[in-house]
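Just the one chain here, laid out as structure tokens, in the form predicted alone.
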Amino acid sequence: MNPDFLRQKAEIALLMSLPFLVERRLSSLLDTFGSPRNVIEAIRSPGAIPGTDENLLVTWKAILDERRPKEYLKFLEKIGIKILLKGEESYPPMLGDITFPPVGLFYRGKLPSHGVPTIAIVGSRKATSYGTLVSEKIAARLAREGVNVVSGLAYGIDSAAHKGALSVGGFTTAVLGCGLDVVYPPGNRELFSLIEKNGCIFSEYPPAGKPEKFHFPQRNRIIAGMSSVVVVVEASSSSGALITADIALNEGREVMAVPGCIFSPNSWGTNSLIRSGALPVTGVEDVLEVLGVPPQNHSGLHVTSSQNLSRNERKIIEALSGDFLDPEEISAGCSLDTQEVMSDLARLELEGLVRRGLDGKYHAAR
């Protein structure tokens, strides 16, 4: 690597480690002073950066006096963290086109391949069984087709998306709202490790960076910015997934949403998005079509043996073999709970074993 570029990378990494030096401010300073080295010198020079809190400047100067760029880069490498700068060939190409792209990204694992379609799957942390199933199945199918599945490693829909991609040996990218030496949420430690081994974990926050509440909307712009399509699986009226969708729309990206039960609070956000013009996801093929990815015959997600079906799923398919029924009719005919029927129908539809008509009724696939 070019020594000058390596030095610049070390200097930017060091600047990114300074508290409250947010991306917009760092970009502004780099534009003003022309180089990361000049920004470092300006911070050390009294009065060189007007408009910045004096106590904050004192803190920044103390950190810069304590750390040296090359030593800081070595420290990152020692704890398994690398940094990718905007302008490098491996920097996510679509991310560089957003309004405020990160100057740099800390990462663990292996970087996504260039030219690979990238899609974000986001949604509620308090996902229903239906939402979890849909997220896993969509992610698995997309990963089988060579799509990089991006999400935020949160509980619920995010975790299901990552797990779905990993379950078929696919690639998935997690974007965090904290430092890469901090596992958040703590219960996803094993998933964090799996993604690091088989995918990529990004953050613009330095080691020891806490998962502050205001970090996550900033994190969401990276999730949306990396992706050509954002799929919202479940979202309440206050879900952060809606922030991701808004960012995606503002950046000219496609937003899709999975329709949900009109009585479920978790479906308010997705149904509202569809009402506002988001494309509905009625099957994985809808997403692949928008991505421009032709489905392959080796997707491996269709159930080929009745041995893979649960007893209830067999009953549902048998009920649908000669008639078109809605979930309530299936529930009554099979003596099953309606919510369980809807969850089973979602799986069977994603597997290609049942089809849903425009009238909302289902029938067995021929």
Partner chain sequence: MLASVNGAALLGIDSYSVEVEVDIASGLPAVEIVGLPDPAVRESRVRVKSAIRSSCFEFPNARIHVNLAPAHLKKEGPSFDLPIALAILQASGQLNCTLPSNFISVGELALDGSIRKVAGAISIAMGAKERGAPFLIVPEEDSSEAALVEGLDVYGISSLREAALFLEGSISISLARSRFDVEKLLGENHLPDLADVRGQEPAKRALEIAAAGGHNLMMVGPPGSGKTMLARRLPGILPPLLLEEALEVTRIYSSAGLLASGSPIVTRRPFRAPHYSATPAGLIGGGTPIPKPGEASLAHNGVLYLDEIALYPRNSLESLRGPLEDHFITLVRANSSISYPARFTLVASMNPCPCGYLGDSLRECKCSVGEIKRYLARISGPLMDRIDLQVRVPRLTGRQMHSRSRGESSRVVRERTIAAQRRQKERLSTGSFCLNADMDQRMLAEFASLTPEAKRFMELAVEKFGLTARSHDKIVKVARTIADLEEKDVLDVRHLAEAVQYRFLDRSII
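We call the rigid core whatever largest set of C-alpha positions still superposes within 1.5 Å between the two forms. Because the structure is a prediction, the values reported are computed rather than measured. Residue numbers count along the first chain shown, from 1.
Beyond what is shown, the protein has a form predicted together with its partner chain; the following relates to that form.
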_residue 23: touches its partner chain in the predicted complex, heavy atom cutoff 4.5 angstroms_ = no
*Look up in the predicted complex whether residue 52 has a non-hydrogen atom within 4.5 angstroms of its partner chain, and give yes or no.*
no
_Non-hydrogen atom contact residue 80 with its partner chain in the predicted complex at 4.5 angstroms_ = no
_Can you work out whether residue 118 and its partner chain are in contact in the predicted complex, taking contact to mean some heavy atom pair no more than 4.5 Å apart?_
no
*Segment assignment from 56-64, 43-51, 313-321, 333-341: heavy atom within 4.5 Å of its partner chain in the predicted complex*: 333-341
_Considering non-hydrogen atoms and a 4.5 Å limit, which listed residue (236, 271, 282, 167) is close to its partner chain in the predicted complex?_
236
_To verify the annotation, which of these, 211, 96, 265, 146, has a non-hydrogen atom within 4.5 Å of its partner chain in the predicted complex?_
265
_All of 156, 329 and 361 within 4.5 Å of its partner chain in the predicted complex, heavy atom check_ = yes
*Indicate whether residue 347 shows a C-alpha shift of 2 Å or more between this form and the one not shown, with the rigid core used for the fit.*
yes
*2 Å or more on the CA of residue 320 between this form and the one not shown, with the rigid core superposed, yes or no?*
yes
_Cα-Cα shift for residue 342 and residue 236, closer or farther in the predicted complex, minimum 3 Å_ = farther
_residue 287 and residue 349, C-alpha gap in the predicted complex relative to this structure (3 Å or more)_ = farther
